[in-house]
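Only one chain is shown below, in C-alpha cells, and it's the form predicted on its own.
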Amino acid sequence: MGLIARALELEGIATTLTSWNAGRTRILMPPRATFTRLKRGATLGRPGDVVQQRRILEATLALLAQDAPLAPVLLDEQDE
C-alpha cells in the first residue's frame, strides 16, 4: 500500500495509511502514516470498539491536512 500511496501522491492525490506493522510499512516510506499496536485484522481498532475506531480514523485523516512527507505517527492504541 505504501508504494501505491507514493504513486498517487506523485499525481497530486493526498493519501494516508494506517498500519499495525510499523516495521514493514516504514520500509515502504508512505507519505503519511499512522501506526497502532493492535493485532493483524484490527488495524482501525478492536471489533465493536467504535470509540477506538473513530480515534484512529480521525488521527489518520488529520494527516491529510499536512504536507507530505511526514514522519510516521505512532498512535497510543493497543490491545487490552
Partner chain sequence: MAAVTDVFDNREAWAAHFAAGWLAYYQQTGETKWDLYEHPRNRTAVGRAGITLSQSRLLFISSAGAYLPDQQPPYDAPNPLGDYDIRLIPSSTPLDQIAYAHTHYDHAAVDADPQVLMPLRHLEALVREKKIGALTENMISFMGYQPDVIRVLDETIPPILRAAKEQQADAALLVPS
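Note that the structure is a prediction, hence the values are computed from the model and not measured. Positions refer to the first chain, counted from 1.
Just so you know, the form predicted together with the partner chain exists too; it's not on screen, but the next bit is about it.
**Student:** Using a 4.5 Å heavy atom cut-off, state whether residue 4 contacts the partner chain in the model of the complex.
**Tutor:** Although the partner chain is absent here, residue 4 would touch it in the model of the complex, with heavy atoms inside 4.5 Å.
**Student:** Taking the partner chain as it sits in the model of the complex, is residue 8 near enough to touch it, meaning that at least one heavy atom pair lies within 4.5 angstroms?
**Tutor:** Yes, contact at 4.5 Å.
**Student:** Classify residue 37 as contacting or not contacting the partner chain in the model of the complex by the rule of any non-hydrogen atom within 4.5 angstroms, answering yes or no.
**Tutor:** Residue-level check for residue 37: no, no contact with the partner chain.
**Student:** With a 4.5 Å heavy atom cut-off, would you call residue 14 a contact of the partner chain in the model of the complex?
**Tutor:** It does: once the partner chain is placed as it appears in the model of the complex, residue 14 has a heavy atom within 4.5 Å of it.
**Student:** Enumerate the residues of 11-37 that have a non-hydrogen atom within 4.5 Å of the partner chain in the model of the complex, in sequence order, or give none.
**Tutor:** The stretch 11-37, when checked against the partner chain in the model of the complex, contributes 11, 12, 13, 14, 15, 16, 17, 18, 19, 20, 24, 27, 28, 29, 31, 32 at the 4.5 Å heavy-atom cut-off.
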